[in-house]
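We begin with a single chain expressed as C-alpha cells, specifically the form predicted on its own.
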C-alpha cells in the first residue's frame, strides 16, 4: 500500500491523503493538439498516485518510489525553482506554475507511486503533473479548467517539452466508459460513447528512441512554418486547425515538400477524428479500424514519427483475425500502439503479437487492457493501488 511506503520513507502516515491522475491512450488525433485541432483520448486505469501530508520544516519533500530518488525545496521559494533536468522537474515545475498563478504552496511531504509505464506514450508525465498539482493544492479552491493549462505550462516552460494540452486535459476531465473529444483551441470536451462489443489494447514496444525529443520540437517548428505559408493565401489561418481539406489541396503543390507533408498529416488527421467519432456513434467498427490504420500510415510517412518497432506491431496486428485497426499512439519513435479488437479475441491477440514481436526483435512487449477511466481526484477509500508497469528498455 502507498501509505505503508509513505510511512517507511517519512516515518509517519498521520494525515496522509492520496491523489490520483490517470494516464491516457489516444484513439486518434495524433500531433494535432499543439496545432489547436481535435483529439480523442481515453483515460486509463493506469495512473499516478501521490500521497501527501503537511511537513513541519517549511519545505516541500518529493520522493519517487519508482526512481528511489528525492528532491526538496523551501515552500516559500517555489516560484523561483530552477530545473535540474530529471524526473523531479515535473512536480517542481507544477509547484512553480501554481505559485506564480497565485496559489499557496504549503510545506508538504509527497510520495509518488505510478503505474503508468514511463516512455510508453501513455502520458506518464501528465499523470504525474496533475496528481502532484492536486496534492499541492489540497483544500484550496481552484478553477478546474486552469489546472490542465498550468500543468502543461510546467511541461513546456520548465521541463522544456513543447507539448499540447491533450494529456493534461483528459487526465483531469476524462469520463468513465467513454472517450473524450477535445477541441484543443476552445478547450471544450465532449464524451463520446464507444461500441460495446470492442476491446482496446495498448501494446508497448518497450523501446523509446532518443530521436523523439528533438524531432518533436522540429515538428512544431515545421507546423509553424506551414501556417506561415497558408496564411499568405488566407490571412484567417492562425494554426493548421484553420486549414480546410479544400485549401490544403489547393495550396499543397506550392508548399515545400517536407512542410507540406507535415501539414497534410495534421489537416487530414483532424478530419479523421471527426469521421472516427461519427463511426463510433454508428458502431461502425470496420470504419473505425480503417481510420486508425490511415492515421498510422500518415504518421509513418507524412509526419515521420513512427519507427520499425511500431510499424511492425501495427502491420502484425491488422493481420490478426478479429482486429479492426491499429496505430501508434503518443509522440512516436517508440512507446505504444493502440489496437481495436472484437470482444473475445484479446487472448489470441496477446499470444500472436507477442510471439511475432519476440521473433522479430527479441523483445517481449507489455500489453495493457484499456478500460476508459474517470479523471483525476482524491482517493476516498482504501482503493487497491497496483504495482508499477515495467519500463521500456
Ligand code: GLA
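Residue numbers count along the first chain shown, from 1. What you see is a predicted model, and the numbers here were worked out from it, not measured in a lab.
There is another form of the same protein, the form predicted together with alpha-D-galactopyranose (GLA); it is not shown, and what comes next is about it.
**Q** Quick one: which of 341-349, 47-55, 354-362, 323-331 gets within 4.5 Å of alpha-D-galactopyranose (GLA) in the model of the complex, going by heavy atoms?
**A** Of the options, only 323-331 has residues within 4.5 Å of the partner.
**Q** Residue 275: heavy atom within 4.5 Å of alpha-D-galactopyranose (GLA) in the model of the complex?
**A** No, residue 275 stays farther than 4.5 Å from alpha-D-galactopyranose (GLA) in the model of the complex.
**Q** Classify residue 133 as contacting or not contacting alpha-D-galactopyranose (GLA) in the model of the complex by the rule of any non-hydrogen atom within 4.5 angstroms, answering yes or no.
**A** Outside the cut-off, so no.
**Q** Spell out, yes or no, whether the shortest heavy atom distance between residue 164 and alpha-D-galactopyranose (GLA) in the model of the complex is within 4.5 Å.
**A** Looking in the model of the complex, residue contacts with alpha-D-galactopyranose (GLA) include residue 164, since a heavy atom lies within 4.5 Å.
**Q** Check whether residue 368 has any heavy atom within 4.5 Å of a heavy atom of alpha-D-galactopyranose (GLA) in the model of the complex, and answer yes or no.
**A** Residue 368: no contact with alpha-D-galactopyranose (GLA) in the model of the complex.
**Q** Tell me, out of 158, 216, 87, 173, which residue has a non-hydrogen atom within 4.5 angstroms of alpha-D-galactopyranose (GLA) in the model of the complex.
**A** The option sitting close enough to the partner is 216.
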